[in-house]
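A lone chain, given as structure tokens: the form predicted on its own.
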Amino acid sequence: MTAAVLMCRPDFFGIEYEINPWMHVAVKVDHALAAEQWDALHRTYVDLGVRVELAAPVSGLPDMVFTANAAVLWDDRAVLSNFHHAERQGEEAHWRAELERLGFDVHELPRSLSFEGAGDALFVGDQLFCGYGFRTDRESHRPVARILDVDVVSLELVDPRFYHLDTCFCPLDADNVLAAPDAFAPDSIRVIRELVPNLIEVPVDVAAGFACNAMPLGRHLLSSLTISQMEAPLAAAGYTTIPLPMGEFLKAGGGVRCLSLPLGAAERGRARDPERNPE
């Protein structure tokens, strides 16, 4: 089964508002460099045999480049994001259209619940780990789990620099997880240690370079440049790191994972349906 990701070109990317500690409107994005960094990630995916689906960028929605926040996907189902900040809520209709174009059964949560997709919802094996505390409401976790028919583990985020779960927590496979303990409430990191067979702990200064905002593909792990500082423990777990410059996207609080919505779990579901997988 070929892996697939959804990306969106950074045609309209910029720092036009401040909704996390990394964003400062006085800091300008180098658009040529952002395009170069995005292209390098896209090219790496293609070179590794990943199919890349492209969402259409929309003027006035600079954070659409961060496709991970569109929804959480499982089999053929998608739970659409209810963005916490008004600045991003205009993305929602576009993400619904893109996901329906890709053949997903799209579900929505009540408007009263904030939920930010795969930014705050990551699978470790078949179990969904969901973050809360900054962008996603804990009360959203149960309805998301019910729609997707999976078990959920709720994790409290306590450091505003790590405002989404995917900034401090990266499942590599069903047994190995990369995470920054300092980003979590004590009870939450305890739960992670209890449930995950091998937790690779990332120092907070390394995590602040978005090392955990990473994408595992087979035995490769794509991330920002600070992932090179985790090369030894990752090699011990059987992973080879691929560091990529992400500096322009770090200005907005994003990295490799933020720029990529994995479609692989959905592909698994489609493979069971001959009408959707006629090959």
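One rule holds for the numbers: they count along the sequence shown, beginning at 1. Remember, predicted model here, so these are calculated numbers, not experimental data.
Another form exists, predicted together with arginine; not displayed. Remarks below refer to it.
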item: Candidate stretches 232-240, 61-69, 216-224, 48-56, one within 4.5 Å of arginine in the model of the complex by heavy atom; value: 61-69
item: Heavy atom of Ala211 within 4.5 Å of arginine in the model of the complex; value: no
item: Residue contact check: Leu263 to arginine in the model of the complex, 4.5 Å heavy atom; value: no
item: Contact label in the model of the complex: Gly119 to arginine, heavy atom within 4.5 Å; value: yes
item: Contact flag, Tyr163 vs arginine in the model of the complex, heavy atom cut 4.5 Å; value: yes
item: Sequence-ordered residues of 13-40 touching arginine in the model of the complex, heavy atom within 4.5 Å; value: Ile19, Asn20, Met23
